[in-house]
Every structure is written in structure tokens, then in C-alpha cells.
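Taking the form predicted on its own, here's one chain by itself in C-alpha cells.
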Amino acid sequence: MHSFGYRANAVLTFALTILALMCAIASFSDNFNFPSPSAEIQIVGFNGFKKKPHGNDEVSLTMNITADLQSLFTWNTKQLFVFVAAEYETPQNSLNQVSLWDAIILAKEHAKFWIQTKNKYRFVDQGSNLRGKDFNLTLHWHVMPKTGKMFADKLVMSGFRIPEEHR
């Protein structure tokens, strides 16, 4: 009665409808996860603070990053993108953000870590605004799911200060 094409179309349409429904349920189930990540960042030392030839301040530092992000992983989590940013104010901008370090975490087993590292990216301010400046270190994370919308959040750690003198 019905040709092979009609039957194949019906089966394919049904299969795609079921797949879309399963993806929607998977995405909805993430709403029931209430993560409680924790992190701490310590500055071990300032390796250098210099004024570049064009007048820009540049800071090099060593940090201890301790984090437990395992609660961010669910069965729908593909990976986490994690980065540390220095945030400070200048007369020109109320918020300056400079990324210092980043990582991609692919498994829950690797989401609890301690690392001592130098800033991976240059901490530079356009001008001489860093001398004696108070700043925050913020751990940002983006949860990339297998299906559904991406989720992002952060933890802010304050109380850091850049030295007064260039070295």
C-alpha cells in the first residue's frame, strides 16, 4: 500500500522526534543539579613588574590554584572551560579584565586539582595604571553540555595588590 519511501520517511521522522525529546529531557535534567564548586588562588610571588618602552605596565606572577569543580559535572557535561582573570579599576574603565591562565577539563576525575603556575598570558595594562593597584583574581568556568545550553559562573577572590615599584 505505502511505498518504501513513505515508510522510511515515517520511521526517520519518528526517530528524530524521539531523539529531540530525549535531548530536551537531558537538557531539562541539568536544572536539578545544584553545584557547589570551591576554589582558592594564592599569589606565591611577583616575578617581575616592569614598564614597557611604550609606557605600558606588565606584571609577571606565580599563583597556586586549588579548585574542586567536580560538582559541576553531570552525566550531560561534555567539558569545562576554566580560566583565571585579574580584574581591576582604572580612571578610564570601571572594569578591566585580563586573562592570566586557562584550561579545559574533560573528565570529573580531573576537576579537582592543585597547580602552581606562572601567568600563561601577559598581564599588561595600557598605561601606567598598575603600580600599587588593588585587584581581584576571579576563577571563571563555562560548563559545556552534550546537549542544551551552556552555563557559566565564577568565584571572586579579592585582596591582592601589585607592588609600588617597577623591577
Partner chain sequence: MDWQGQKVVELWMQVMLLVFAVVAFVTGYITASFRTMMLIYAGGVVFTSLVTVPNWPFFNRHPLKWLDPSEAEKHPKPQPQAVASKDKKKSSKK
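A quick note: this is a predicted structure, and the numbers were derived from the prediction, not measured. Residue numbers count along the first chain shown, from 1.
Only in words, not in the display: the form predicted in complex with its partner chain, which the text now covers.
- Distance criterion of 4.5 Å from any heavy atom to its partner chain in the predicted complex singles out Ala26 from the list Ile43, Leu106, Ala26, Val124.
- The closest heavy atom approach of Arg161 to its partner chain in the predicted complex falls outside 4.5 Å.
- Within this chain, Lys154 is remote from the site of its partner chain in the predicted complex, having no heavy atom within 4.5 Å.
- At the 4.5 Å threshold, heavy atoms of Asn76 reach its partner chain in the predicted complex.
- Residues of 110-144 placing a heavy atom within 4.5 Å of its partner chain in the predicted complex: none.
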